[in-house]
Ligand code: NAD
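Here's a solo chain for you in structure tokens, the form predicted on its own.
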């Protein structure tokens, strides 16, 4: 089966490689040639535009940074809708604003193209091993039609409701992740300043009620001073902007989200925007004047 894939960043590249390993023929497009070359080496076929991808493939996946990028790629010049056939399916796996998903879906419907929004959680490690959590909005029959494709890239795929519900669910996820990393950073700075080895604190509490997937993934990075991006600060700023905008629109109070957003904005201004969101710990290190690091064995 032929698939199109547009957007070959940190997440897109390993997702394409997993599709190739599963036996799909994948035609790809990205504005960065080096990204295209990397997946072509793995067996993908390069296209010259999003329009060309849609002409070649009836199922097209997009994995792009934010709402304006998806709108441009789908609805713009040389975009997906210029090349798509009636009956094609667009799977937008980008994390964007729910209202943007609805707008794009309406444009697709006018061209006879079906669409689901299917953002993911898990970052680069889970994109690599094909165990992403996928949250889906759109017609349930379309979800069922592409379920096997989604499960090549994910460990789970859950239908959450109508178009935009996937991205609403992703916003909830991103709020929880950001607040969790901030709480972990705050707690481990407390232990560090109190003279208790963070590694021992981690070993003692990770199996209890405070334990979480976020703690397991991010504490080893923080204590090693490793902020190589699996999910960048700047992308989390984008997601929390969308969460705050959506919250304001529906009347949902998000005071803790707003507080963490200020931390992320401070880190961006300090030049940390391209680092992993575990670098939230750097905000606390700056305030406290010390680093959260494990003792040498």
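Model, not experiment: these values are computed from the prediction. Residue numbers count along the first chain shown, from 1.
Heads up, the form predicted together with the named molecule isn't pictured, but that's what we're talking about next.
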Which of 183-191, 108-116, 121-129, 137-145 lines the interface with the named molecule in the predicted bound form (heavy atom within 4.5 Å)
121-129
Considering 26, 53, 63, 260, which brings a non-hydrogen atom within 4.5 Å of the named molecule in the predicted bound form?
63
Using a 4.5 Å heavy atom cut-off, which residue among 31, 40, 252, 256 comes into contact with the named molecule in the predicted bound form?
31
Counting only non-hydrogen atoms and a 4.5 angstroms cut-off, does residue 235 reach the named molecule in the predicted bound form?
yes
Just to confirm, residue 273 within 4.5 Å of the named molecule in the predicted bound form by heavy atoms?
no
Partner contact for residue 35 in the predicted bound form: the named molecule, 4.5 angstroms, heavy atom
yes
Does any part of residue 73 reach within 4.5 Å of the named molecule in the predicted bound form? Heavy atoms only, please.
yes
Where, within 74-94, is there a heavy atom within 4.5 Å of the named molecule in the predicted bound form? Residue list please.
94
